[in-house]
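What follows is a single chain, given as structure tokens, in the form predicted on its own.
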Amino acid sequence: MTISPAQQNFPSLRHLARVALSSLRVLAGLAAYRLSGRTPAFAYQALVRLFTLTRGRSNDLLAALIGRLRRPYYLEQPEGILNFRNDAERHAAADALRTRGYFLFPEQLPAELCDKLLQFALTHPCTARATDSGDAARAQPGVYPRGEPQAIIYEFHPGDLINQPDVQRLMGDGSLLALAQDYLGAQPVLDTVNLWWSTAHSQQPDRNAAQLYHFDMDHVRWLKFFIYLTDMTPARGPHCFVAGSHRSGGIPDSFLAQGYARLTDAEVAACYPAEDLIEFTGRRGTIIAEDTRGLHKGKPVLQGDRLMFEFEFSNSLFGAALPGKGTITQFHNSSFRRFVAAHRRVFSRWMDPATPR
């Protein structure tokens, strides 16, 4: 049977139609977001759909537009835990992020700060996250039961974290902000502040605990900082990342067609060389920057437990509705108050909700 030119072009025409429809929905959502500060559900779903249809290029275009509207802050000699000696070192880290999708810092979080955050995590209430099996339903909110965990993940409420003095010390860190905006190409927004325990309650990979490979797609562009607050060995659930998978076209169409589906180790290993499957081990205080648009996961904990701290900076809050809303109600030192006042957009999620994004 002869196939006509029109029939041969039908799949590509259908693809273009889907791209056009998703684009219109995203544009309508951006207009609504501009007026209300909230992203309609249909617009967020279209953002994800457009990402899968364009292999990430739609996000690149939107990020470039946001960068023109939200120029990076001028930061004079930003200092902090990353300890960049000059701008060239910071730019080199940003370039490595663009190429590989991650950067493992030679500097570590000071031991005294690790101790303070660990002590907070051992003495303040947390909540068990639901598991695939539903085991966490039996776990009651309270101080982390380190000797007998009833769930895989125990997490702390962001509203408690952002008012903790040692967390505020990190929130006001100029080196984190400087690298984030170098990578994003725009004024950042600190959209996520997380602290959680991972336990050996189950040694089977759990979807809700993000222990299978997946990509994130909460916003247009973002950068995460992960900090180990306990020593990390292969048996204690190290974070894993597929180098280069964050780039447009870096995730196979067969994976993108599944949307937010979780992927097994075997599926991922069949598509990427072994040297790109990165497993981050190291001592407590280890700091990793990562673009989690790339494939990543946390391995199940086999022995002991893992305490992880996380910041996420995005170029805009347009996107998914974020859990764990909180407000900064106290400033533990004047330097942090001044830092917030000078960078209002960075902290807009944690301050006046009417602050422009």
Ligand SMILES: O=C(O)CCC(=O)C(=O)O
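Sequential numbering from 1, following the sequence displayed. What you see is a predicted model; the values in this text were computed from it and never measured.
One more form of this protein should be noted, the form predicted together with this ligand, which is absent from this view; the next part is about it.
4.5 Å heavy atom contact with this ligand in the model of the complex for all of D173, L179 and R338
Contact check failed for every one of D173, L179 and R338.
Does the 4.5 Å heavy atom contact test between W196 and this ligand in the model of the complex come out positive?
Heavy-atom contact with this ligand at 4.5 Å: present for W196.
Heavy atom to heavy atom, is G29 within 4.5 Å of this ligand in the model of the complex?
No, G29 is distant from the partner.
Answer for H201 alone: is it within 4.5 Å of this ligand in the model of the complex, judged on heavy atom distances?
Although this ligand is absent here, H201 would stay clear of it in the model of the complex, with no heavy atoms inside 4.5 Å.
With a cut-off of 4.5 Å between heavy atoms, is D166 one of the residues that contacts this ligand in the model of the complex?
The answer is no: D166 has no heavy atom within 4.5 Å of this ligand.
Work out which of F156, Y183, F226, Y102 lies within 4.5 Å of this ligand in the model of the complex, going by heavy atoms.
When this ligand is considered in the model of the complex, the option within 4.5 Å is F226.
Using a 4.5 Å cut on heavy atoms, which of D276, D216, E267, D160 is close to this ligand in the model of the complex?
In short, D216.
Pick from 64-72, 323-331, 38-46, 306-314: which stretch has non-hydrogen atoms within 4.5 Å of this ligand in the model of the complex?
Looking at the other structure, the answer is 306-314.
Is any part of 239-255 within 4.5 angstroms of this ligand in the model of the complex by a non-hydrogen atom, and which residues would that be?
Residue within 4.5 Å: H239 only.
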